[in-house]
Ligand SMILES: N=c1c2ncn([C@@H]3O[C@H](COP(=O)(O)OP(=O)(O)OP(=O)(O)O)[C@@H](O)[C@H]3O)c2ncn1[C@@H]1O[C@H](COP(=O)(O)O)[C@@H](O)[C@H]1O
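This document opens with one chain alone, in structure tokens, the form predicted on its own.
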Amino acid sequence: MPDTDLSILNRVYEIILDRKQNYDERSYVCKLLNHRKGMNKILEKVGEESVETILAVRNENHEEIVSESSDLIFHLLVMLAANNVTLDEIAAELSARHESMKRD
């Protein structure tokens, strides 16, 4: 099983963090983070992209699965950044779970 380079996740997350600190009215991320609905808007997008990902899987459409999963991961990153959750914390949690699975 090859090791996939996931550094793009770090790069996207860093851009999201930058948008969180430096408002740009043209930025989709800024619009999400500063929406009048607040966190509810971000959660709506996560929910919407979750449903679209599920439908793509149910329809067995590989291209849509990749596209919708990418949208979902992007919106999850926005949600994490909005809640000051770092990718280091997520990686640590996944590592701990991986260690636990190896013992099972």
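We number the residues from 1 along the sequence you see. As the structure is a computational prediction, the values presented were derived from the model and not from experiment.
Beyond the structure shown, there is the form predicted together with this ligand, which is absent from this document and is the topic of what follows.
Peer 1: If you check L9, I15, A91, V85 against this ligand in the model of the complex, which one has a heavy atom within 4.5 Å?
Peer 2: It is I15 that has a heavy atom within 4.5 Å of the partner.
Peer 1: Which residue, S27, N61, N34, S50, is the contact with this ligand in the model of the complex, using a 4.5 Å heavy atom cutoff?
Peer 2: It is S27.
Peer 1: For the stretch 49 to 83, I need every residue with any heavy atom inside 4.5 Å of this ligand in the model of the complex, listed N to C.
Peer 2: The stretch touches the partner through E49, D71, F74, H75.
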